[in-house]
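Form predicted on its own, single chain, as structure tokens, below.
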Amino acid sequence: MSRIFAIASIAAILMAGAGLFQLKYQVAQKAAFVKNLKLELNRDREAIRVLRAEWSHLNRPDYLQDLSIRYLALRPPLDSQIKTSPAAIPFRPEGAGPVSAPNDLVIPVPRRKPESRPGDEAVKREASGV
């Protein structure tokens, strides 16, 4: 009887040791996984910081104005184009009806040659690459 008890005790101790070894191995794997997740999270946070800095740099008003002048040929409005009172803003014609399509809001304006301003020649030369 004591011999069976001794063999059973040794077997139980060996199984507990094997189970403890397996548990230690699994914990080490999970710790490595968590460490990798933390590294990835830090890399993502750094990338977000860089992207936010780049976004704020690219959205500076002076930079956007330079791009619009260079690529879109847009200019700041003239003083004569700015309406100073709400009464100067034209209303829709009578009987125009409700707006049903985006083109309903477009009022055709006759095209005219843009007024020449100081610095226009430099912009044209820069755009042509001369």
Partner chain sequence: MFKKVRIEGAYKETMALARRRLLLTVFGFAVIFLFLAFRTVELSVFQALSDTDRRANVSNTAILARGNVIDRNGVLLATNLKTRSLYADPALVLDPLAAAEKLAQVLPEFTVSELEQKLSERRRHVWIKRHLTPGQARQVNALGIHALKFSIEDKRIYPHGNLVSHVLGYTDADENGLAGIERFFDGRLTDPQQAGEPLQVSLDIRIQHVLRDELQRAMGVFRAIGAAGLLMDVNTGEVLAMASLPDFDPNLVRAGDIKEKRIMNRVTSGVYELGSTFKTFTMAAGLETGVIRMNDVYDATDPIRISRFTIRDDHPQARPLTVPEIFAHSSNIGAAKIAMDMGRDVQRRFLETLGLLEPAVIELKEVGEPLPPVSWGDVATMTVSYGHGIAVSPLQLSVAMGAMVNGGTLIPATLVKQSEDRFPEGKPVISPVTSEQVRQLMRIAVLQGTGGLADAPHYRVGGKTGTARKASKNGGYGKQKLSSFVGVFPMDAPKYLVLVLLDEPKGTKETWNYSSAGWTAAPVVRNVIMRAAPLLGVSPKEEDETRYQTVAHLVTDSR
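Positions refer to the first chain, counted from 1. Note that the coordinates shown come from a computational prediction; the quantities given were computed from them, not determined experimentally.
There is also a form predicted in complex with its partner chain; it is not shown, and the following applies to it.
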Contact check for 28, 35 and 40 against its partner chain in the predicted bound form, heavy atom at 4.5 Å: no
Would you please decide whether residue 65 lies within 4.5 angstroms of its partner chain in the predicted bound form, comparing each non-hydrogen atom pair? yes
Should residue 44 be classed as touching its partner chain in the predicted bound form when contacts are defined as heavy atoms within 4.5 Å? no
Residue 70 versus its partner chain, in the predicted bound form: is there a non-hydrogen atom within 4.5 Å? no
Looking in the predicted bound form, any heavy atom of residue 79 within 4.5 Å of its partner chain? yes
Go through 38 to 58 residue by residue and record those having a heavy atom within 4.5 Å of its partner chain in the predicted bound form; state none if no residue qualifies. 38, 42, 45, 46, 49, 50, 52, 53, 56, 57
